[in-house]
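There is one chain below, alone, in structure tokens, taken in the form predicted on its own.
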Amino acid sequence: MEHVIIIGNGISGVTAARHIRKLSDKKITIISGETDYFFSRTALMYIYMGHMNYEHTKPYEDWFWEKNRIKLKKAWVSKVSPNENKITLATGETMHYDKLIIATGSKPNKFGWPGQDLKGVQGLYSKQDLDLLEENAPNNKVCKRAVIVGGGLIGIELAEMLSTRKIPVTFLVREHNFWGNVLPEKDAKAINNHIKEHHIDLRLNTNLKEMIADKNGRVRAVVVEETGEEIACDLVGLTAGVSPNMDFLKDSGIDFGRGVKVNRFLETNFKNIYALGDCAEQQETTGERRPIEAVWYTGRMMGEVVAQTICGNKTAYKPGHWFNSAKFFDIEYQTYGWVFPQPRDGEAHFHWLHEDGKKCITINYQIASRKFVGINTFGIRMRHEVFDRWLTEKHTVDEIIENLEQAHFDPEFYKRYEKHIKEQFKNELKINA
């Protein structure tokens, strides 16, 4: 019986396992040293905030795996030997496979900062990171101040988590605005203001120089590069992005760059080895899609695709139109299509901001053809399937504005803003005519 080994029990690996089981009777083994069972990684913050228990984050009951004949093995993989179809575990145990799926996700970035390995310095990605955070910042008596380094999604999640335990936070962001390498300036400034409203000490245009230890080897302060200022702290959250978790592939012969290199069928340079999710680097990207996309839904899609291929129906990975969502404290964010920080040549942004500063949209479109390219929405929920269809059908920005009600997804009795958005759009159109 063909044996499929999956390294990693995140959304990519587990989706692959589930769909392989639906399609076949192959022997399936999932290996992970992180947790016994699959859990929702995006829910980690809610455990710390007291909204959920760890058990609530497991999408499947513990009996699900045995019932579906998916073997779970809690272990770390230390080596892959493709020429022998063999993996080696950290314990020294070896296992053989017919097909191998690498779905090991990401790890927090470190950039060689002095003091980055001190006690009290950590990232936030794994269940182990969450457990460590409980040790480092259980309350505001043990942790009198935290410093977060890096202005991305994990950074703002960590800021919100710590603020719920009334731990003061200084947030170091090297860009001019929070998430300034992704959001247009007007969107980013609205989020800057929202972060400050939650009493976060947001420091823009600020870089970390080093972390200073106390006599016990625990962090006691960070030093700001630009001014030399020391900021006393008991916790440093390193949230300056993530990178593929693939150190164990060194000397394996598997090709990798920033991630494990795969073709459009998610195959590596060994045809019986595949890579999925955060650790996979696409070699045949289409449109504006990035080679590595550390996003939940793309990982799920990759798992479904590779299951088809492994079970005899060779299928290419086609992610479709880009979309994503997140939450910045109280403001929900969605994006469909492409909205870049600066309009590209021949493109323009239409921006609408509500007077409360917590609801806004930015639409990107082509000036000459009026073709709709993408939208960011903040504080207003929009329907994914509607924008996906509009992007496929290549609607104009004028059609999008005129039919915005069709995409509205806020609950009944929520205030509606389409009228105000249309009025501003028409006024700007007259001015620019």
Ligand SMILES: Cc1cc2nc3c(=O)[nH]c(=O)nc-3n(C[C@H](O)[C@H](O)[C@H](O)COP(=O)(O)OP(=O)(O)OC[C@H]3O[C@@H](n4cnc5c(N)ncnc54)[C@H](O)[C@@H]3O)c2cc1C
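What you see is a predicted model; the values in this text were computed from it and never measured. Heads up: residue numbers just count along the shown sequence, starting at 1.
Keep in mind that the form predicted together with this ligand is not shown, yet the notes after this line are about it.
When you look in the predicted bound form, the only residue of L183, V169, A190, I154 with a non-hydrogen atom within 4.5 Å of this ligand is I154. Residues of just one listed stretch (33 to 41, 360 to 368, 397 to 405, 383 to 391) have heavy atoms within 4.5 Å of this ligand in the predicted bound form: 33 to 41. Residue contact check for W76: one or more of its heavy atoms lie within 4.5 Å of this ligand in the predicted bound form. Among residues of the shown chain, I11 is one whose heavy atoms approach this ligand to within 4.5 Å in the predicted bound form. Taking the partner from the other structure, this ligand in the predicted bound form has no heavy atom within 4.5 Å of any heavy atom of G303. Although the partner is absent here, N324 is a contact residue: one of its heavy atoms lies within 4.5 angstroms of this ligand in the predicted bound form.
Three-residue candidate spot A103, L124 and N245; every residue lies within 4.5 angstroms of this ligand in the predicted bound form by at least one non-hydrogen atom. Contact residues in stretch 195 to 221 (any heavy atom within 4.5 Å of this ligand, taken in the predicted bound form) are absent; none meets the cut-off.
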